[in-house]
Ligand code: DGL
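Shown below, as structure tokens, is a lone chain in the form predicted on its own; questions about how it binds or moves come after it.
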């Protein structure tokens, strides 16, 4: 299969990393809208417009499936994207919810959801988890993390100061939903901040499990051809991809 992966910037590479590690696809075409990142501070209509422009971009390729590796787009624009597209489109929110339910043994578990302002405001994670029966959910908009990842800041004093700003008054959670695909790139730092007590719900791993269960994907490919595109500074995107995907 040939698939597309779309994100507002470099964060969706964390999803690509999981897809490559599991050898699910023969070819992956990645598009990062780096000229307009972050999406999480945009209004709903703008997010939908950007998402539909991304669908138009992928119509230039004969893809079988498009993964929207952006939580903000997954929360606000999936229906419009599917209506506009001839190929199937999968978001990252539903797989993350399913992975959270599978990871926790008690409905009283403490869940922390972190994401962009728009994703948190949508309650796209919170409402379904409450419907499942989870009662202890804290949602926190952590928008500063996105530009840090875009600037290749994955650890260090600046990131620690931002984590302390957001997390200093929180209980240690049982699970943390990384509700932005930028955040797995700083997951190690977040794990250390909470002294390794929290289970991380990673969009990449969650969507791999989702695809295997819902699309009956069992074939593995020895190699995966990767193609990278960006709306601005494609070489910068490729540089990050080489680092994180060990290309």
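Note that the structure is a prediction, hence the values are computed from the model and not measured. Numbering follows the first chain given and starts at 1.
The form predicted in complex with ligand DGL exists for this protein as well; it is not shown, and the discussion that follows is about that form.
S.K.: Within a 4.5 Å heavy atom cut-off, is residue 93 in contact with ligand DGL in the predicted complex?
M.R.: Residue 93: no contact with ligand DGL in the predicted complex.
S.K.: Indicate whether ligand DGL has at least one heavy atom within 4.5 Å of a heavy atom of residue 146 in the predicted complex.
M.R.: Residue 146 belongs to the contact set for ligand DGL.
S.K.: Is there a non-hydrogen atom of residue 67 within 4.5 angstroms of a non-hydrogen atom of ligand DGL in the predicted complex?
M.R.: Flag for residue 67 set to no.
S.K.: Going by a heavy atom distance of 4.5 Å, is residue 31 a contact of ligand DGL in the predicted complex?
M.R.: Judged by the heavy-atom cut-off of 4.5 Å, residue 31 is well away from ligand DGL in the predicted complex.
S.K.: Heavy atoms, 4.5 Å, ligand DGL in the predicted complex: which of 168-176, 101-109, 79-87, 116-124 makes the cut? Say which one.
M.R.: The contacting stretch here is 116-124.
S.K.: For a quick check, can you give me the residues of 1-29 that have a heavy atom within 4.5 Å of ligand DGL in the predicted complex?
M.R.: 7, 8 sit within 4.5 Å of the partner.
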